[in-house]
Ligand code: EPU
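Presented below, as structure tokens, is a lone chain in the form predicted on its own.
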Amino acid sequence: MTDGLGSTRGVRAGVVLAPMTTYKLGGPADWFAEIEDEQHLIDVLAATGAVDVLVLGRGSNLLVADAGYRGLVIRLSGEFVQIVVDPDGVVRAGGAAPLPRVARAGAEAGRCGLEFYAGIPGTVGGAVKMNAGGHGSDTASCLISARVIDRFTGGRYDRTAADLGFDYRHSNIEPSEIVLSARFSTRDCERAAAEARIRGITRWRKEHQPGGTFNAGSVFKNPPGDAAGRLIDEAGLKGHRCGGVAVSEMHGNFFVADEDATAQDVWDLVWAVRRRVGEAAGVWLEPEIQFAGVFDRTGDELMGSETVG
């Protein structure tokens, strides 16, 4: 079906993905399409056949392999970034809408409940898929429903929050499903109060997380009742390095890349840190960062109480 993809409107071959991720690492996608409306998405998906598909948001929790991605990468734009606040306070946002913009739209309308999104550099689609959260709240607490499309069947349907099986950094969104849009509940509040909370969250991020560097946010999910950053710190791993990537001195759950780093360096550090924490604390961390493409395995990936990755 690659011949079909190559002749499909808006699909390009060999597009380098590194500039579209916060790590600025990784090779090209075999195929790439920027899609601005639902019909265009339907047309592209109909041409994919058995080709693997990756939906790329803001690239803030994604590591692309140095050899690139053997499949189609889709980036949603146009109608998929729109945000509307209804008179009843429901916030409707496209799957590619940036979460900080969702937070600000709610606040500007005098609606509270979405301010925590100001601290998450992702998109609505990623938030639904991963139950993104922070600062005492998460997507499960405010989502009304999400509209999805199944890439294999073309079926489009609404999934309510109760349907999505939300857990910590988890939903039951299938790999074949793409989030088109979502609806969020809010509550009435003073605009000034909501905007002050957003400023506080933004300030907290600047004070506690490394900024102005190449990183992908939290590398590992927090284990129940603990924090991945604390465990990494306790294992003496701040500053620990693989090639051009090091554990941040500011926050142990952030890995910072140098300009000469490779994606393989990040991969190696992720699994080396997981092994060291597992050996020191008996806790085998689960990566929150998503991996796209093929990496060289070191053996650390297979260690622990269960196989991850």
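The structure displayed is predicted, hence computed values, not measured ones. Position 1 is the first residue in the sequence shown; the rest follow in order.
One more form of this protein should be noted, the form predicted in complex with the ligand, which is absent from this view; the next part is about it.
Exactly one of the stretches 31-39, 250-258, 271-279, 44-52 approaches the ligand in the model of the complex with heavy atoms within 4.5 Å, and it is 250-258. Shown without its partner, this chain lists Lys221, Arg197, Arg147, Arg92 as candidates; in the model of the complex, only Lys221 has a non-hydrogen atom within 4.5 angstroms of the ligand. Residue in contact with the ligand in the model of the complex (any heavy atom within 4.5 Å), chosen from His135, Arg183, Arg159, Arg101: His135. Interface membership of Gly229, defined by any non-hydrogen atom within 4.5 Å of the ligand in the model of the complex, is confirmed.
Within this chain, Thr213 is remote from the site of the ligand in the model of the complex, having no heavy atom within 4.5 Å. Mapping the unseen interface onto this chain, Gly71 falls outside it, with no heavy atom inside 4.5 Å of the ligand in the model of the complex. Remark: Trp204 counts among the residues lining the ligand in the model of the complex, judged by a heavy atom distance of 4.5 Å or less.
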